[in-house]
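Two forms, one protein chain; C-alpha cells for each follow separately as structure 1 and structure 2.
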Structure 1
C-alpha cells in the first residue's frame, strides 16, 4: 500500500512537469512577452520603451532558458523559464501582474470557496440520493418514468438559467436574501444560502439520474433477490442492501472532486460576489492577469492528481476485494 502510494506520487512528478511545460508553451512560446505587453498596454501607448518597461517590471525581459550575461548557476536560474515555471513547481507563485502576492491571495480566498462548496456538495448528495432511492422504490411505474423525464428536462437547462432565475426569484421578487456579497464569520450564512440552494437544484437532474442507474443495477443483483426472498420489507432491502452497496461508486466519485473543492466554482462565485478562488480566477481572466491564471492551472492539476490518488485509496477501503499493486 505504502509502496503504491509512493509510486503514484513519483508518477505525479512527470505529469506536473508536463503541465508546467504546456502552460509555459501556451503563455510564452505561442505569444512572446512582447505581444502580451502590447496587448496589455493598449494600442495608444505602445512604444518600444513602454514595452521594455512593462517587461522589466514583471521580469519578462530575460532570456527564456539560458542567460549568457550571468555566471555560474545564475545562467539558468535568472531566466523566464526558471523564474516563472520552475518556481511554481515549489508552490512559489510569485506576484500577480498588479504586484500582489499570489500565494497570500490564494490562502485568503480558500475559506469562502470552501464555505460555498462543502455545503453544496453535502446537501446535494443528501437530496440526490433521497430522490434516486425514491425513484428506485417506485421503479417501473409512472412515478419512475415521470421522474426520469423530469431529470432529463432539468439536465437540459443551462446552469446559468438556474442562477439568474434563482437570484431573480429569491432576491428581487421576494427580498429574502441579499443577491450578492459576502461577509466573513457566521454572517456569511445569509449570503451563502441562496447559492447553495441553486447549486443543489442545478445538479439534481444529472446526479439523480446517474444515482438511480447505480441503485437500479444494484437492485437487480442476486443477493438483493435473496434478501427479498427471505422476507425483508422493500424499505429494509433498499436501505440495508441497495443503498449500502450503491454508495460505493457514489462516494469514490465524490472523492475525486474533494480536493478540487478548494478551487471553488467559477460561475457561482462570480455571480454571487463571493470572494473565493473561483471569482479570483474569473477576475484574472477578465484582467488578463496571466501570472494568476498560470498559478491556478498548476494548483488545479496538483489537486486533481491528489484526488485521483485518494480515489484509488478509497476503493481499497470500501471494497476489500480490490488490492493496489
Structure 2
C-alpha cells in the first residue's frame, strides 16, 4: 500500500508540471503583459511609461521562458514562467496582481465554500439515495416510471434556471431568505439555505438515475434472490443487502470529490454573492489576474489527484477483495 501511494504521488509530479505549463501558455495566448497592465491600471489613457513600470514591479517585463540576456541557469530562472508558475509547485502562491496574499485569500475564503459545499453534498446524498431506493422498491411500476421521467425532466433544466427561479420565488416574492450576500458565524445560515436547496434540487435528476441504476444492478444478483428465497422481506433485502453493496461505488464517487469541496461552486457563489473560492476564481478571470488563476488551477489539480488516490484507497477499505500493490 505504501509503495503504491508513493508511486502515485511521483506520477503526479509530471502531471502538475504539465498543468502549470498548459495554464501558462493558454493564459498568455489571449493576454499579453501589456494588456494585463492596462486592465490593472484601470485608466483610459495609460502612458507607456506607466505600463512598463507596472510590468517591472510585478516581474512581467521579462521573457516568457528563455532570457538570452542572462548567463547560466538565470536564462531559465529569470523568466515569467519560472517566477509565476514554477514556485507554485512548492505551494508558494505569491501575491495577486493587486498586491494581496493569495494564500491568505484562500484561507479566508475556504470557510464560506465549505459552508455551502458540505451541506449540499450531505443533504444531496440523503435525498438522492432515498429517492433511488424508493424507485427500486417500486421498480417496473407506474411510480418507477414517473420517477424516471421526473429525473429526466430535472436533468433537462439548466442550473441557472434553478438559481434565478429560486431567487425570484423565495427571495423576491415570498421574502423567506435573502437573495444574495453572506455573513460569518451562525448568521450565514439564512444566506446558505436557498443555495443549498437549489444545489440539492439541481442534482436530483442525474444522481438519482445513477443511484437507481446501481441499486437495480445489485437487486438482480444471485445473493439478493437467495435472500428473498429465504423469506426476507423486500424492505429488509433492499436496506440490508442492496443498499450496503450499492454504496461501494457511491462511496468511491463521493471520496473523489471530497477534496474538491474546498474549491467551492463557481456559479452558485457568484450568483449568491458568497465570498468563497469559486467566486474568487471567477473574479480573477474577469480581472485577468494570472497569479490567482494559476494558483487556483494548480490547487484544483492537486486536490483532484488527492481525490483519485483516496478513491483507490477507499476501494480496499470497502471491498477486501481489492489489494493495492
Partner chain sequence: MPVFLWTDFLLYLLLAGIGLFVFFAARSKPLREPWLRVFRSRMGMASAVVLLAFAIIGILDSVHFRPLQAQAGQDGQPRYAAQIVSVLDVIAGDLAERTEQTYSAPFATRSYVQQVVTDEAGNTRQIFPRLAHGGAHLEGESASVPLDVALRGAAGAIQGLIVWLALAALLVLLLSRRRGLPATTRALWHDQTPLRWRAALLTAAVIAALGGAIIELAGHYHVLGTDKVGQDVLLQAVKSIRTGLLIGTLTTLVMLPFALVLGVMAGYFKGWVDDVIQYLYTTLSSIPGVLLIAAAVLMLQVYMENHPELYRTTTERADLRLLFLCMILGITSWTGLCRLLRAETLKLVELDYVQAANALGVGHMRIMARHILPNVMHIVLIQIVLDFSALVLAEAVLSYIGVGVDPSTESWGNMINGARLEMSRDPVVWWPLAAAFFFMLALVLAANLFADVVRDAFDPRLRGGTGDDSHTPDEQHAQSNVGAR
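Only the largest set of C-alpha atoms that superpose within 1.5 Å between the two forms is called the rigid core. All values reported here derive from a predicted model rather than from experimental measurement. Numbering follows the first chain given and starts at 1.
Could you point me to the form predicted together with its partner chain, 1 or 2?
It is the first structure (the form predicted together with its partner chain) rather than the second.
Rigid parts compared between structure 1 and structure 2: residue 177 grouped with residue 22?
Two-body split between structure 1 and structure 2; residue 177 with residue 22, same side.
Superposing the larger rigid part on its C-alpha atoms, how much does the smaller part rotate between structure 1 and structure 2? Whole degrees, please.
Comparing the two forms, the smaller part rotates by 21 degrees relative to the larger.
Could the core-superposed CA displacement of residue 33 between structure 1 and structure 2 be given in angstrom, to one decimal?
Here residue 33 registers a C-alpha shift of 2.6 Å.
Provide the displacement, in Å, of the CA of residue 66 between structure 1 and structure 2, taking the core as the superposition reference.
Residue 66 is displaced by 4.7 Å at its C-alpha.
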